[in-house]
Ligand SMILES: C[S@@+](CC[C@H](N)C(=O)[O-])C[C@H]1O[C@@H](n2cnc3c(N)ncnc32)[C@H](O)[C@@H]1O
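As structure tokens, one chain now follows by itself in the form predicted on its own.
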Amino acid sequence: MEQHSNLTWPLPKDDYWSTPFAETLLHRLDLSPGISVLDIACGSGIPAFYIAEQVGPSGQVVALDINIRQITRCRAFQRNHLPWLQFKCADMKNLPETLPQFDRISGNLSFMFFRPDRFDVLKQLVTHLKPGGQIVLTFPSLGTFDSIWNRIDQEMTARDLTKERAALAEYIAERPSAQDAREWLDALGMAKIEVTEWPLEIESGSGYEFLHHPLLRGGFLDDAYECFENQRLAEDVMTTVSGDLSSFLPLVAQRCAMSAWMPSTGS
């Protein structure tokens, strides 16, 4: 990946979740001036702004997100800079047929939003990749925060919560693995497939700090709460778990980056 010096749009150092995943994405994404990039589920623009600076004014970056508030914030932050970068509101599960093909498709922390039919969404997405183009997606893969789920399962077992344990097991099994990603890319006939994982340790205190951790609660601990029909019981179980933090440290997420290339025409 070609990098320009004196970046004016670097990855934010104070984002302890999106930036580490973006770093894994950029480690695989082959960028050069003049290419076109589709960035899906762009969120707050990490790493769309960085990518746009890399491809330069002769390139093009289209960044999509289903959340209009995110798009509005990105546009406000962008102002008149990087005019070859466009933020648009769109659902990556139902991309418009008029959307062209791109040299690269990127998606930081996007793959988790492909559920429940991840393969079908991936299949549709690569139709917007040019022959010889590359796709790189990152996601927290199977194994992410296993120590938390094991401790919650122990608490459920001690309380004989059979239905809740089954719901938790179903949630864990639904999380995609690195092997899943590799098999799906292979089934689509992609070339030069690379799927790699890097651990990311998350710091947290116990009790209230754990239960309301900005990274853990949004999209992770919330799923544990959803395993309960009785939310008072859920709160009691989770409060007990949160007071026993030392027994399930460290809190480790698995950063997974899946990279593959569309075969060139005639290859």
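From 1 onward, residues are counted along the sequence shown. Just so it is clear, the structure is predicted and the values come from calculations on it, not from any experiment.
The same protein also has a form predicted in complex with this ligand, omitted here; what follows describes it.
- When contacts are defined as a non-hydrogen atom within 4.5 Å, none of 9, 53 and 85 contacts this ligand in the predicted bound form.
- Interface residue remark: residue 91 is counted as part of the site for this ligand in the predicted bound form, having a heavy atom within 4.5 Å.
- In the predicted bound form, none of the heavy atoms of residue 200 sits within 4.5 Å of a heavy atom of this ligand.
- Put simply, residue 67 is close to this ligand in the predicted bound form: some heavy atom of it is within 4.5 Å.
- Proximity of residue 178 to this ligand in the predicted bound form: non-hydrogen atoms within 4.5 Å are absent; the residue sits far from the partner.
- For the candidate set 184, 113, 149, 102, a heavy atom within 4.5 Å of this ligand in the predicted bound form is found for exactly one residue, namely 113.
- A heavy atom within 4.5 Å of this ligand in the predicted bound form is found for exactly one of 41, 237, 31, 216: 41.
- The stretch that touches this ligand in the predicted bound form, counting heavy atoms within 4.5 Å, is 92 to 100, out of 74 to 82, 187 to 195, 127 to 135, 92 to 100.
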